[in-house]
Every structure is written in C-alpha cells, then in structure tokens.
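Have a look below at one chain only, the form predicted on its own, in structure tokens format.
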Amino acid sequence: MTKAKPTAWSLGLAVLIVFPLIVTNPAWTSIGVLTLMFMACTTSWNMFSGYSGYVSLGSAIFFGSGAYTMALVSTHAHMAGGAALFWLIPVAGLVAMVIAVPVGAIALRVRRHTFVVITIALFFVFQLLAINASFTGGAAGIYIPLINWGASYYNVPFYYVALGMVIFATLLSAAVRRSRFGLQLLAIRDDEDRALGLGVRVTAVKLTGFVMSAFTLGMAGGLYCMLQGQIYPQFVFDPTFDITVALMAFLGGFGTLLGPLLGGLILEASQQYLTESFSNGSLYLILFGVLFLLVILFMPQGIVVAVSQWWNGRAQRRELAATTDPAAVGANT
C-alpha cells in the first residue's frame, strides 16, 4: 500500500482536475465548487483540531470574517466584478488569521472540553456583531460587484480556485504533521501535561496551530462571498457550518490526512445531491442522517481508520495462513 499511495493521490488529483472539463452541467459544477470548499475547510480545521485534540466549534468565525473581508474591501474600493476579485481571497485569509490571534488567546486559556464551549460562545458574539453592526450591512447583508460571466462558464474559475485551496491545505497539513511542530501538536493531543513537562511550549504551539488553520477558512469565506455575489450574516456565520466541518473530519478520520478530504467529499457532495433531488420536502435530511448514522455505527473511528485496520488485518491473516500452511512449512524444512 505504501507504494500505491503516491499513485492514488495523483489519480485522485487528476480526476478532480478534469471534472469540470467533462461534466459541464452548471448544477454539477456548482456542487463541485462547494464540495472542494468544504474539503479545504475540513482539512484546515483538522490540521489544528485533529492533531491537537482541541475540537473547535467556532470555525465559522473565520469563514464569515473572510466573507465580509471580500465584501467590504470590494465594495469600498469600488472594484469591478471579475477575475480581479480573486486577488482578495488571500487577503480574506490573512484577516481571518489576524482575528484568530485574540480569539485563540481567549479560547485556548482552558482545556479541551471547556474550549469547545468557549468557541461556541465566541461564534455567537461574532454572529450578533455581524447582524447588528452598521458597517456589515446588518441583516440586509452586502452585495459585491456583479460578475458578468456566462452561466455555462461561471462555476469553472471558482472550481479551480477551490481546488487550489484544497491542494494548499493538504500540503500544509502534511508538512505540519511531518514537522517537529506537528509532533508537538500530537504530543499535546496524547498527554498535554506530559508534553509540557518535556519542554513543549504548549500555549504557543496551540495558538500557532489555531491561527494557521484560520487562513484557509478565511479564504474559503472570501471565495463563497464571490461565488454568491451577496452575503448575509445568518449564512456566513452559520452554526451548522461549525458542526458540518467537524462531522466531515470525524466521518473521514479525525486526525488523519486523507480523512477530512474523504469526509468532505462524501458528505458535502451527497448533501448537495440530496438537496437537489428532494428539495420539495425533508426527505433528503432523513437520508443524509441515516447515511451518517450508519457510518458512525459501523466505523466510529472514521472511514480511513476503519479501512486501514481492515487492510492490515487482512494482511496479517494472509501472513498467518502462509506460515501455518503445511505445504509451506514442509518446504521451509
């Protein structure tokens, strides 16, 4: 399997690259954009929460901050709608990182279980601020400059920008995991007090990981704002976004590299498809819940971990069968 991994990653990337070239239906490419966006967000979220064990339910803070950065800068700078707006996406990520510094400094003063509660509380602070502040447009939202692209082509640039975000988040997550910094995060996840005793600067490491994870989330928010052409606080500061990102990571494999990508691909694509197919009722919600429930019941550690354990067990059984085979034993003697 080790030799097959680079080939599998290359094949998956190739499929994603050619997808909008083969599937030209705007409805499907729209699903592709949103799926890639959630894959990037989940991977970035997992880079901190999965490696450190600190489950954050406030990731929509940075997603919404990135969206409002895109909206406010583009409108106040009187930018024309078009590809030039893509240059604001990294700016949205940087603003999210700046906001993550005080948010992390407050939330990370406590341990894991209390950390979850504080991130939820901070999220609602930002949501209420977006609804009631005058500079955000309040509940009326903000419209950004109109992009005059054809319907058949409209989603394609967003798709490839979202794919670039997925590649960036994955490479960054892999680099962190293999670095000394990543080992410190994993040590905090395993035993924070012992890591502190071994000389790990626990507070600084946690805050750094928290701030780093906010960058891709902010960029995704900026891309979402540009894709929609308008934003409302209840949609970009949405509590279901926090829960969805966490569920995607747990579904695919919490703390793994491939798990968040797989979880985002399965859950977001299936959710969008079920929404399109059963938009007249709540049946898609039932089907979506049943799908997730089945995975949790039969693969509680996530798809990646379950498949890895099955594969390793299969290999061990084959080795055991080979060593206990009478013919093999006679040949060896």
Partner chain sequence: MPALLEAKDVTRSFGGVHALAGCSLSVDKGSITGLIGPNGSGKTTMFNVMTGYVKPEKGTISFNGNDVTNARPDKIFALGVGRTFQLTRIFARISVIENMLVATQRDESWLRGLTRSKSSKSELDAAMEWLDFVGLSRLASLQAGSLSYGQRKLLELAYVLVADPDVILLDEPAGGVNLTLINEISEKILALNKGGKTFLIVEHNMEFVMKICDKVTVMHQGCDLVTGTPAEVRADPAVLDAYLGSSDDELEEEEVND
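If you're wondering where the values come from, they're calculated on a predicted model, not measured in any experiment. Numbering follows the first chain given and starts at 1.
One more form of this protein should be noted, the form predicted in complex with its partner chain, which is absent from this view; the next part is about it.
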Tell me, yes or no, whether residue 83 is in contact with its partner chain in the predicted complex, where a contact means a heavy atom of each within 4.5 Å. no
Determine whether any heavy atom of residue 199 comes within 4.5 Å of a heavy atom of its partner chain in the predicted complex, and answer yes or no. yes
Would you please decide whether residue 208 lies within 4.5 angstroms of its partner chain in the predicted complex, comparing each non-hydrogen atom pair? yes
Looking at the partner-bound form in the predicted complex, is residue 152 within 4.5 Å of its partner chain by any heavy atom? no
With its partner chain left out here, work out from 237 to 245, 191 to 199, 159 to 167, 86 to 94 which stretch has heavy atoms within 4.5 Å of it in the predicted complex. 191 to 199
Using a 4.5 Å heavy atom cut-off, which residue among 73, 186, 116, 125 comes into contact with its partner chain in the predicted complex? 186
Please tell me which of 212, 106, 147, 131 lies within 4.5 Å of its partner chain in the predicted complex, judged by heavy atoms. 212
Can you tell me which residues in 172 to 186 come within 4.5 angstroms of its partner chain in the predicted complex, by heavy atoms? 177, 178, 179, 180, 181, 183, 186
